[in-house]
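The chain that follows stands alone, in the form predicted alone, written as structure tokens.
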Amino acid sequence: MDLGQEKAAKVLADCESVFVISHIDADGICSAAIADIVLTRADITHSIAFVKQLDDTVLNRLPDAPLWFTDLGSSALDFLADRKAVVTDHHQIAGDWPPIEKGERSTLDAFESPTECHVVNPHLKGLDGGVEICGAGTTFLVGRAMDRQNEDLAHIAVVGAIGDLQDRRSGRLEGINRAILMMAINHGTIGIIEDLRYFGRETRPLTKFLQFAEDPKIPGIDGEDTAMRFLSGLDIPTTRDGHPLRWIDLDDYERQSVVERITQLVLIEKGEVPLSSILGEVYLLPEEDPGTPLREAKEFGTLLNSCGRYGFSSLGLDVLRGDRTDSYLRALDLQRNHRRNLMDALYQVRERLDRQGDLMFFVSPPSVKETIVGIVANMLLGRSDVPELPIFAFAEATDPFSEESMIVVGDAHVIEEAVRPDEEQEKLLKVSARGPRSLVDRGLDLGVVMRTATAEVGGFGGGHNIAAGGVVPAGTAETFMRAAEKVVEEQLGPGWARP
């Protein structure tokens, strides 16, 4: 489990103050929470900034202080090479690292960085950062190396991994994620059960739980009426004592009947489907109240996403710190709105979904927030009416100089205010890409696609093989798509999508 965390931990332990920069998604918020608790316990003064992406606007605003990047930073190592910094990330690394001559690389340990920037990233050890460890996981390893007391934060890393969909490939956490999971189990902060992997087992009414089931969608259930008929056919009620039943309210026999029927329907429609896409490990937090989104890791991750995607990452941070009053209640409101926004956005973009060659894409309407288009693209994957192809989602990027570009928790005065140039800023498009697991298994790598295609049009990007993101100048979407299609063809071979 050596990713260079011991040396990174020593760098941080010797600092009097640290500035933490993290991403706004569930994994990023979990990463920031781990860093926050670790630094607090070590009595190290710190502030935390949440950012949507690392671009020149953000990088040029960073304070002249030791930096800790969590769940991002691997795309900006050239910029950070001369800074005192630690990067705990799991995304693919842009360029070569460490910055040494190729001839020296064979005699230098991958983590003996000749700079003051220390990188903890699974890709430097040939591991897959999309399934083997997340940003919160690499951050946890550094925190644990600083003080073994911090091992009690393992459950936060598990929530980060599930929020990052790192269990999607096999229906369970793998690699270093699994080692961290075992630590959480040993501390009594996580429990495992075998169950349906659909979202909402704790909080959704049973009919909604089935109606909005995804990956795979339940054949024949396309609304509340069909969900009720499905349950009626199994003699399972939808209410009890006037209250809607949830999945957690069913007994073992009722749950088994539902699972068997879903499996039959999916097999009839698809011919075969990995059982792990229906049944798999579900991770529960036993210290949290049943029937709340904090009880199950997937719902917990969605609650955190609901905070970060709408500019309130600090609320998610408060919840992970233990707040179960004001911040938690506000987070619940954001989650309810997030669900509605996703359903509205899905309805709007389905009519805009188009095909260019062997790729799917849509240009999001202004009413759909740029921070959720990647989630919407992921929701489109696996639908019976959508071809099994990579999906690229475009949305107008918000002003990089807006208040949302860097949200600081702590001593905000350490950040210098960005000065808006007199000239009008170039309009930008955010692009998010999601790919089917079947294509990733054949060689699709959207992280490479995104880096290459964005560079072709003067943008930047990166990510994982199954999910990636970037920014391109407005008006370049068509050129970007042609470049992306070319890279995908190089990865999968000519005519890869045709019989």
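As the structure is a computational prediction, the values presented were derived from the model and not from experiment. Residues carry their position along the shown sequence, with the first being 1.
Keep in mind the form predicted in complex with a small molecule is missing from the figure; the text below concerns it.
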Completion exercise
Counting only non-hydrogen atoms, the one stretch of 83 to 91, 332 to 340, 189 to 197, 232 to 240 within 4.5 angstroms of the small molecule in the predicted complex is 83 to 91
Exercise for the section: Classify L346 as contacting or not contacting the small molecule in the predicted complex by the rule of any non-hydrogen atom within 4.5 angstroms, answering yes or no. Expected result: no
Handout entry: Distance check, I44 to the small molecule in the predicted complex, heavy atom within 4.5 Å
Key = no
Practice task
Classify N378 as contacting or not contacting the small molecule in the predicted complex by the rule of any non-hydrogen atom within 4.5 angstroms, answering yes or no.
Solution key: yes
Practice task
Verify the contact flag for L439: yes if a non-hydrogen atom of it lies within 4.5 Å of a non-hydrogen atom of the small molecule in the predicted complex, no if not.
Solution key: no
Practice task
Check each of R295, R204, K217, R168 and return the one that places a heavy atom within 4.5 angstroms of the small molecule in the predicted complex.
Solution key: R168
